[in-house]
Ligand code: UD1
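Next up: just one chain, as structure tokens, the form predicted on its own.
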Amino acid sequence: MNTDNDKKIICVVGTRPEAIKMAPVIQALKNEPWVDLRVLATAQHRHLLDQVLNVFGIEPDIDLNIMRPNQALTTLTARLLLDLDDVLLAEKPDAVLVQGDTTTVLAVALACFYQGIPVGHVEAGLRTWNINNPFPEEANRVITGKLAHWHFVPTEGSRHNLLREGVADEKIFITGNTVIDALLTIAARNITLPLQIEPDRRLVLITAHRRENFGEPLRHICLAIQALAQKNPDVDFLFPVHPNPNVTDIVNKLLANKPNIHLSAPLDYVHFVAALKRSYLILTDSGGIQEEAPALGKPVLVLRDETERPEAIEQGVAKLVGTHVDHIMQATQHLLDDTTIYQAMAKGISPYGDGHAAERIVNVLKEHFS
């Protein structure tokens, strides 16, 4: 039973990655007797968000259901600010937690700033130092970094990024990344891949959906996959396709009906982790997968020119290959052909945490409010 002495904390999620990374924090806060926990879903990504919340048994207390077809970022941000203002006035939380770098995160940080409510930023301090790449994520996290009260950073490098921007050291807490908490929990389950792949065949897992890769970059990615599949008929390629028409139109046009390329709807998180475990290597433009795959000993080729997660690159378990057809093909073929190169990248090093990040975040909040 909640009492007058309890501290009301709202955890906000809007997209699938946010829900995955916030779920361990929500679960940890549920076990704290001093917390009056509320979960707010903006539903920036409706269907994909709901999938993850169901996996972790989380039911939102407040649901803004904000997404509309082909909604511009300006419209999305404006609608979020107006709806969030009403929620914060009604709920009067003692703290609000956000995760990552989405438009949801930016809007929550700004709405809380206007009302004087302290914000905790989970996965703070990631930077490419290029405000336009990734767009709009880099701007979202830089602005949130100016407004947050607690900065829960995954690595020492993220801490240094914030110090460089003038954030006070006493507001920065190295916790590791909560994605590893979530990953290890799900990976421990015995989940079978919803796809029939012969045991002796290698599997290349692909994800590509970032806004900056829409258009020609995605077309080049698909052309590289098409050529790789043709050159390696003994290898299977699995591409769960994001539902955005900017992705589906190009992917289906170039990769459908190829014998060893498997296009699927987005996998729910449990089955996606099963795909990560079954894969031989990963091609991705996702930020979260750059964190997850190394923890499972899977080499990652990053389909971007820059990354805000340099630790995996520095440790040699991920490599930037961009979206040039030849670069993607060469890097992938090297891993398929050369076991020495492969083993050097498949080291099972996890630069992003040990599975106890949520626990550390809760302890910081507990110490503050006690």
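Keep in mind that this is a model prediction, so the values were computed, not measured. Residue numbers run from 1 along the displayed sequence.
Beyond the structure shown, there is the form predicted together with this ligand, which is absent from this document and is the topic of what follows.
Candidate site formed by 44, 68 and 211: every one of these residues places a non-hydrogen atom within 4.5 angstroms of this ligand in the model of the complex.
Contact with this ligand in the model of the complex, defined as a heavy atom within 4.5 Å, holds for exactly one of 298, 278, 242, 127, namely 242. Listed residues 103, 161, 144, 155 were compared with this ligand in the model of the complex; 103 is the one with a heavy atom within 4.5 Å. In summary, the region of this chain contacting this ligand in the model of the complex, judged by heavy atoms within 4.5 Å and restricted to 26 to 34, 46 to 54, 331 to 339, 314 to 322, corresponds to 46 to 54. This ligand in the model of the complex comes within 4.5 Å of no heavy atom belonging to residue 118.
When contacts are judged by a 4.5 Å heavy atom cut-off, residue 351 does not count as touching this ligand in the model of the complex. Although the partner is absent from this view, residue 137 contacts this ligand in the model of the complex, with a non-hydrogen atom inside 4.5 angstroms. At a distance threshold of 4.5 angstroms between non-hydrogen atoms, residue 204 is out of contact with this ligand in the model of the complex.
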